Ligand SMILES: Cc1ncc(COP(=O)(O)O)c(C=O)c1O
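Here we start with a single chain on its own, the form predicted alone, put down as structure tokens.
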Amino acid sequence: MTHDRHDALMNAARRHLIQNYRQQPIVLARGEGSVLWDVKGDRYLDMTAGIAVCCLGHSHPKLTAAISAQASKLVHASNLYYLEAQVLLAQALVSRSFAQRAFFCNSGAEANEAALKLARRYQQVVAKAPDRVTFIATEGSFHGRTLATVAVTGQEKYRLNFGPLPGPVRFISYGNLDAAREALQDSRACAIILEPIQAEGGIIVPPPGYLKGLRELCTRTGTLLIFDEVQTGVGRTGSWFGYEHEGSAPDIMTLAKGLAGGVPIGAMLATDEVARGFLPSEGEPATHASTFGGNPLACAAAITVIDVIESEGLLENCREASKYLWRGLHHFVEKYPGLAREARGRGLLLGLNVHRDAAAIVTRCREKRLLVSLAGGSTIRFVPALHVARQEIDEALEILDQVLTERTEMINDSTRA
């Protein structure tokens, strides 16, 4: 019966879903901690955590209880009124970050869209600089799939056939302060948007001093600094936010993915000064809004995620697990020099960059019941739950070791032939 159900669901998916994703051929049904089961009952070790979303793993009892309790009280009410959970979440995020103000929406793309709009309106209305309209973005970046966020995404494959896109946008090389210095001298520069670590671009960590240097350049030139922390935020790098590793606070920061542990939410945080850009003039309607943004259910989930990260010491576990996993990935670089190029990342946003066969490696890992994902086309990405245990890391590394051995033998056989 389970196989029949799997086949029926697969057929229904192929008939009724818009096939914009390249899904692997499994149908997931439930999860617990770092483990998922499909409808056939097969077990999978999950090192993707919903692509850095399920930071507490699956079915965490405190998160489940909080969602259930909030659903029994209030799921949604209009943002025409103050909402208790929304105010408490804003307070929690502000107290842990550089910001004084928060705006809530439903996804990372929406948060980045809000950030771009805020930057434009701040320059035009508050800074009285209407000519400052150009966004500076980085090559290899990923900021979302709305038209505006695709426009500032520095990978052509995401922009292809969606033009004309909003602009103007200027792309510069990531990690290159000289390129940023030249671009920010342009009197039309509105803001620069970038990720503290390029995640979808291949888990690229910038050189030391880069983020701090950008902060200094932006302050000197009057350009707003936007950090897209959709993937690096909420403990993923071993600190609450990625910018903390260099102590270089932005003017605007965006969050999503791990913020509510799997419940859809996005947030844009800003300083008091920059947040003035969204204040409506007398008699003017709201300058930006979201019907579902900051709804009580999502906010209650996010408050619980923050509480659990602190009460269960997950930032410390993230740092310790990171060291352990990184050593294992680096060992593969030494063991498989013809296949593995380097270990990359910070915290539990780590990857193994390979010379070839990255997609095939991900597929073979799934066949062996390990779920990992691809970043940047050639990096095997590990973004497990923040409470991942050493024995789970050992299991993942053992499976990846088997797959790398297989791929190496295939490469050697083909070379000999």
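Counting begins at 1, following the sequence as shown. It should be emphasised that the depicted structure is a prediction, and the values quoted were computed from it without experimental measurement.
This next part talks about the form predicted together with the ligand, which is not shown.
When the ligand is considered in the predicted bound form, G154 lies well away from it, no heavy atom lying within 4.5 Å. At a distance threshold of 4.5 angstroms between non-hydrogen atoms, A127 is out of contact with the ligand in the predicted bound form. Contact check for F103: every heavy atom lies farther than 4.5 Å from the ligand in the predicted bound form. In the predicted bound form, none of the heavy atoms of G293 sits within 4.5 Å of a heavy atom of the ligand. Residues of just one listed stretch (83 to 91, 225 to 233, 305 to 313, 319 to 327) have heavy atoms within 4.5 Å of the ligand in the predicted bound form: 225 to 233.
Here is the short version: of G144, G238, G345, G277, the single residue with a heavy atom within 4.5 Å of the ligand in the predicted bound form is G144.
Checked against the ligand in the predicted bound form, the candidates L217, A179, L339, A109 yield a single residue with a heavy atom inside 4.5 Å, and that residue is A109. Residues are counted as partner-facing when one of their heavy atoms sits within 4.5 Å of the ligand in the predicted bound form; in 145 to 176 not one qualifies.
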